[in-house]
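One chain comes next, on its own, written out as structure tokens in the form predicted alone.
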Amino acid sequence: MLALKSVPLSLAVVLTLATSAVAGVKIGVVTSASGPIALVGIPQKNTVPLLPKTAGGETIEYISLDDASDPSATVTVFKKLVLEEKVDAIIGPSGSPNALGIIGFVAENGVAVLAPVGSASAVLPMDDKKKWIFKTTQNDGLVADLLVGQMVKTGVKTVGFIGTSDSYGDTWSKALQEAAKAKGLTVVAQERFTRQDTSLVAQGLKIVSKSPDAVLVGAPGSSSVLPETTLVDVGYKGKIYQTHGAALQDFLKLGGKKVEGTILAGSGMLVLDEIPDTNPAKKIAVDYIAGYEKLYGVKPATFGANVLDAGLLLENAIPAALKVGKPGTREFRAALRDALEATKELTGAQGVYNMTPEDHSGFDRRGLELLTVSGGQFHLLK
């Protein structure tokens, strides 16, 4: 039974109860359902009612909060969840900078976090603090290798980069440089911008002046659109690539004809009709989309599936943790972290997870497809 309760706080709070009874396991969910990255956060928040309701014989209570895309607010709501609500784990937050700001706090309090964020810096390089963070999106290096491999295959020799001036852009700049060096490409231009910028003409002209064969945009959500449309407006004629942060329908709507021909790597969930039934994630993705459409009347962005997968990972890990301690105890939380790290061949909507002490993302090539924009839609790149 789903119960929604309004709580008079400055931050929007929704308590989603798995059953009418008092739940055994408490899971916090932090999303950016408002603010600059709401296009990412809204489908994540909307996915909460679709998360598993029981695991290991215990009911699950989800406590969902909005951080309004503000990293400082993320810290506030995380503290509320851990110190006041005494949650056993947290799904979220939506943004990479937001996730980096809570690593020390959750490590100090021994609470596992499943972060549906783009930047691999949330989990790499691994250390005693980041061992409490798990990531339900593909690491940047995996995506960069796939994109750069496609560039090389099609004769690209020089590449430019424009990305956000935050941890997402930083990580992608590094991932591009590493992949380019390994495959013999030269990065000839590097430009940055803030997510709030309304004009990128200066950056676009600087990139065009270097005449790169291709340009990679390193930006998540709606912030991925302006760099590409600007490049088109200032006359760039080369190939434009995007990260998996642009893999959402709003990118197509906001970019219109100017994003036709874009190449990106993303989840097969974007092209379910074009991937074979043998793809392990296809059935889960189909069922998720159907459930989401039934609730909201629209298809979800892939970012929502990252939250669904977090719920599936917890559902899989909870039974093992229950053998060590009771929900609400430090022993249970530590065992839950250990069980998440031991995940093997767990299929989610976004791919197949195999976690290790060194890899808290756990994806392999099965979680990615090369895509292009054609006719205002995503399609498999042929």
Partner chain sequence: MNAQIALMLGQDGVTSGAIYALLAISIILVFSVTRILLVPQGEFVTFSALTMAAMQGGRPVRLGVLVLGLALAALVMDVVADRQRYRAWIWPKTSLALVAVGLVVVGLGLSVPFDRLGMLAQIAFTLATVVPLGPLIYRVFFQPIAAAPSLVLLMVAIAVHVALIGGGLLIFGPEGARTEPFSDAVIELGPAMIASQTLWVIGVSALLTIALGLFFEVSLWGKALRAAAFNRLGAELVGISPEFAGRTSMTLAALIGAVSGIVVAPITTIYYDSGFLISLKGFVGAIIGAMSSFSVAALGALLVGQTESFSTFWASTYKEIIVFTLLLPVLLWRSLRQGSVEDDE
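Positions refer to the first chain, counted from 1. Since this is a predicted model, take the numbers as computed values, not measurements. Rigid core (definition): largest C-alpha set, two forms, superposition within 1.5 Å.
We do not show the form predicted in complex with the partner chain, though everything after this point is about it.
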Next on the checklist: Can you confirm whether S34, T194 and L205, the three residues that make up this candidate site, all sit within 4.5 Å of the partner chain in the predicted bound form, judged by heavy atoms?
Outcome noted: yes
Checklist entry - Ok, L146, L272, L252, V234: which has a heavy atom sitting within 4.5 Å of the partner chain in the predicted bound form? => result V234
Next on the checklist: Can you pick out, from S223, N139, T262, T171, the residue that has a heavy atom within 4.5 Å of the partner chain in the predicted bound form?
Outcome noted: S223
Checklist entry - Thinking of the partner chain in the predicted bound form, which stretch from 50 to 58, 324 to 332, 34 to 42, 309 to 317 has heavy atoms inside 4.5 Å of it? => result 34 to 42
Next on the checklist: in the predicted bound form, is there a heavy atom of the partner chain that lies within 4.5 Å of any heavy atom of S211, even though the partner is absent here?
Outcome noted: no
Checklist entry - Could you tell me if V201 has a non-hydrogen atom within 4.5 Å of the partner chain in the predicted bound form? => result yes
Checklist entry - in the predicted bound form, does T229 have a heavy atom within 4.5 Å of the partner chain? => result yes
Next on the checklist: Would S165 count as moving between the shown form and the other one, using a Cα shift of 2 angstroms or more after superposing the core as the test?
Outcome noted: yes
Item to check | Per-residue C-alpha change between the shown form and the other one, K130, threshold 2 Å, rigid core fit | outcome: no
